[in-house]
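The data below hold one chain only, encoded as structure tokens and taken in the form predicted alone.
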């Protein structure tokens, strides 16, 4: 790895100015748990690392019932996994964050960095998609918002333009009678990359009988995470019985576009996408029932 110049700006404007000036030779360092390893394994022609962890706007972590959750891109994963409003209202996000590496890694790694890495197997992106997160971005041309479902545009590629920084993710407050869940399949018990992952977010009617809204996303089974609109459509307006959930699982398997590699075959990944969809929907429904008690 060639020598790098380290920058630690304390303002967004300063960070953006450096990234713009240095172009492709500069990269934003949120946690570094992926970027540094990637640069060692296959040099990325970087000459500048711009550490964004000291920028106040990127360290916001707050929730209120009117506006929902604001999650700064540089907030470490351990804080996300332990933050009470997230654990209670956005459990899928907490579940994803606490699966990113070891405890030591989680003290550095961030949700922002996790999705900016551009991996379709990222442990937080499916949760952000089903929770209708908005990615707030700032760059040389000002501010813009990108829905989480559109943030990843290809393997290792995101919607970020040169000089832009992901500032925060904004999640709307969840409606009553709703919950969510995230699960992944990995070969080992921990500290592995998802072979398949899935998240579901559902809302039930006041009686807890009929599903009034549902969103399902699957990951690691395509070049980008996949919002399975057919699965949400099957569940919406239906009773969450075994037949309806089985249809949603089938829709998820049909939407999967995996590849064969050393971690799983196309057939296996397609099947598991359906299995995890079923389990996340069932888990989210169970949480709604438990909250109603």
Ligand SMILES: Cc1cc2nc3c(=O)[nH]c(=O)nc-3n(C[C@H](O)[C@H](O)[C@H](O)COP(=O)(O)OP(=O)(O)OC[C@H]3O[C@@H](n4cnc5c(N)ncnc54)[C@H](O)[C@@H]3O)c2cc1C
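Not measured: the values here are computed from a predicted model. Residue numbers count along the first chain shown, from 1.
Beyond the structure shown, there is the form predicted in complex with the ligand, which is absent from this document and is the topic of what follows.
- Checking 181, 221, 165, 80 against the ligand in the predicted complex, a heavy atom within 4.5 Å turns up for just one residue: 165.
- With the partner left out here, the ligand still marks one of 258-266, 229-237, 28-36, 59-67 in the predicted complex; by a 4.5 Å heavy atom cut-off that stretch is 28-36.
- The ligand in the predicted complex is approached by residue 117, whose closest heavy atom lies within 4.5 angstroms of it.
- At the 4.5 Å threshold, heavy atoms of residue 170 stay clear of the ligand in the predicted complex, well away from it.
- Put simply, residue 91 is far from the ligand in the predicted complex: not one heavy atom of it is within 4.5 Å.
- Residue 148 falls outside the set of residues with a heavy atom inside 4.5 Å of the ligand in the predicted complex.
- Contacts of stretch 103-131 with the ligand in the predicted complex, defined by any heavy atom lying within 4.5 Å, are made by 105, 108, 109, 110, 112, 113, 114, 116, 117, 121, 122, 123, listed in sequence order.
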